[in-house]
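What follows is a single chain, given as structure tokens, in the form predicted on its own.
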Amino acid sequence: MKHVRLKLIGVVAVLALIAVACSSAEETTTTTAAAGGGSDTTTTVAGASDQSDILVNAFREDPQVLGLDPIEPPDYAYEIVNVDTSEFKIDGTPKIAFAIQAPEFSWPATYNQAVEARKAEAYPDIELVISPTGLGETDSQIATIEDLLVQQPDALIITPLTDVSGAVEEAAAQGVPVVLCTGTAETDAYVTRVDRDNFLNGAIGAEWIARSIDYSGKIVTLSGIAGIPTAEDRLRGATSVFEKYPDIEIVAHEYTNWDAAAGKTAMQTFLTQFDQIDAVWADGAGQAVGAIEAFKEAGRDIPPFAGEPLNGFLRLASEEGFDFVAVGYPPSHSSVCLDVAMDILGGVTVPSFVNVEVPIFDKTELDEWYRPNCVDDLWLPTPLTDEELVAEGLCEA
């Protein structure tokens, strides 16, 4: 494949929520999710040649949604390149393989479903091969990918939970283009990566926490799964912010597997150790929900929280009235990965990285996002319509 370094051409508008990757020569119309609900509008998004500008602009503009100062973009934000995919163009009906995540929690379950929903909506005639088992440990993840390659797909979508460089390189050797979806690999053998910049998400939550405690106080940080790029990048982003403020002390940190029970257990321990916890930075809503419950059971005031727009997290914010910031990472962005795979098989030039835009809001917008008639496990924004949410038993009519 041919990589052509992009020339920056000035700051452009931020991608519409759940934006679709497009060619450098064309614009594509995609669906934009409404606050708290299903998709209901269409937006024309920028082409691939603008992707570096879009990521740089996200670092500068996304914090300003909350009235925060811009965050200095890291060097890699300027290094997105165009990828010539003409060698992968096919005629006929595409076969695309998708290595799903193990649907043990609501986020990966929704993530997996979103790809199938996008296929049904936009590409009903393609063949979508779904792995029979979810990705987990390294060995099982690589075995899953190898099983998919045996079926000779035209393109492969992978969500790396550990280093799958060998499997990615094996696919490339077979001439199968790989889309990394929500994760990274220690190889450049893939065609493109579609994700939300997690360093940015972590930094935004941390800047909000710092301001909420007037840049002085004792805080606790709760991460997801140790070693997973999503968690580690968010933690690096948050740490880079907290290190700027000498009067902020991180008194404790714990990995919680993005699990409510683990978050509750960790916070119960911290509450016995520390009389003062001024704020909690959590890189996910799952462990945040458990941590909040620990504060409630201990009879302690709930401090400001950084989390995500999970309906259960928003329910607790509505009931308890604590300050919060929600920086989104909607699982439905996996549908963008399918769009990009289709672009590749159409021979369309794609960017080496697509930054998916996300909702960012605080307590002032709680009523616009919280769905009191829906289950706690609903991630927002949802790709489902109100009718579909009711039919799936996720919301009451």
Partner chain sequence: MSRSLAQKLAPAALPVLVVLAALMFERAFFNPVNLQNVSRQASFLLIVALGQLIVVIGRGLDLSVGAVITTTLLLLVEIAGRPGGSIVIALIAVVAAGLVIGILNGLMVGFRKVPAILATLAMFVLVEGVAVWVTEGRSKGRVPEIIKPLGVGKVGPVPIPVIIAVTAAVLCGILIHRSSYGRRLFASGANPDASHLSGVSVRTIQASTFVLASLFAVLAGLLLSGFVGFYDRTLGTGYDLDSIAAVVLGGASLAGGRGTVWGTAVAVLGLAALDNLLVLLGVDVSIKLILKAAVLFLAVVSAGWVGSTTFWTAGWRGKRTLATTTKGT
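Numbering follows the first chain given and starts at 1. Values in this document were obtained by computation on a predicted structure and should not be read as measured data.
Here the subject shifts to the form predicted in complex with its partner chain, a form of this protein not shown in this document.
The single contact residue among D154, E254, D278, D163, judged by any heavy atom lying within 4.5 Å of its partner chain in the predicted bound form, is E254. Among the residues F242, F199, F88, F270, the one placing a heavy atom within 4.5 Å of its partner chain in the predicted bound form is F270.
Judged against its partner chain in the predicted bound form with a 4.5 angstroms heavy atom cut-off, the residues T110, L384 and G393 are in contact without exception. Using a 4.5 angstroms threshold between heavy atoms, F59 stays clear of its partner chain in the predicted bound form. When contacts are judged by a 4.5 Å heavy atom cut-off, P304 does not count as touching its partner chain in the predicted bound form. Though the partner is left out of this view, D259 does reach within 4.5 Å of its partner chain in the predicted bound form, counting heavy atoms only.
Residue contact check for V327: none of its heavy atoms lie within 4.5 Å of its partner chain in the predicted bound form. With its partner chain left out of view, the stretch that reaches within 4.5 Å of it through heavy atoms in the predicted bound form is, among 70-78, 173-181, 100-108, 144-152, 100-108. Contacts to its partner chain in the predicted bound form (heavy atom within 4.5 Å) from stretch 362-376: Y370, P372, C374, V375, D376.
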